[in-house]
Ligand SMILES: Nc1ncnc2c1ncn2[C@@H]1O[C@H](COP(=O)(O)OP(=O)(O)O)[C@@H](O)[C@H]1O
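We begin with a single chain expressed as structure tokens, specifically the form predicted on its own.
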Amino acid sequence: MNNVKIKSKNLNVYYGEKQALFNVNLDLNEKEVTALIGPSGCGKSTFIRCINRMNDVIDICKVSGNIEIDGVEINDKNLDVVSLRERVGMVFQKPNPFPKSIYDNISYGPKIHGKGETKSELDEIVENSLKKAALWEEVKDRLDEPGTGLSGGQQQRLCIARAISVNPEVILMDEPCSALDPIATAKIEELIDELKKPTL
């Protein structure tokens, strides 16, 4: 039996006068893949953006209720949002690689969070992240080329590699395959299945 990782209690979200989420109570376990399914506009993206406080950047958005990760309330005003987003990675619906090289796309996060202090440490993080995202074999000889030059499916796997480069405890994915072809989708589905497995 897996432990509860994320606990949402009486979560309400408002955009100005419009209420988008109503009293959401949901427990999410660690080492599991949980899919939120519902019609367009029902609040799926709003809910997952609450988990890493992405709604903070929307001026008219107001959140009430509780979300805890490992028993810690993430909406506490004293919580360091940067460290929260290091623990909770996010992959968006549309691939959004940085306008940098493939290598720099992956190494950027670890550098910011002080995780790769030497070039060899960064090289290892980049290689491991790209391998986990099933992209290494396709790009290992062109790491200095721009990430924006990759195909749509490759760009999305690059964004996943970027998200996992800092070893997040939680990865939020907002319809990561909606813009991809069936082959690219299958690769990302396999990757999601791999990511939930406990690391040794």
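Because the structure is a prediction, the values reported are computed rather than measured. Heads up: residue numbers just count along the shown sequence, starting at 1.
FYI, the form predicted in complex with this ligand isn't displayed, but the following is about it.
Residue contact check for Y15: one or more of its heavy atoms lie within 4.5 Å of this ligand in the predicted complex.
Residue contact with this ligand in the predicted complex: G43 places a heavy atom within 4.5 Å of it. Using a 4.5 angstroms limit between non-hydrogen atoms, L26 is distant from this ligand in the predicted complex. Using a 4.5 angstroms limit between non-hydrogen atoms, L180 is distant from this ligand in the predicted complex. In summary, the region of this chain contacting this ligand in the predicted complex, judged by heavy atoms within 4.5 Å and restricted to 159-167, 130-138, 55-63, 145-153, corresponds to 55-63.
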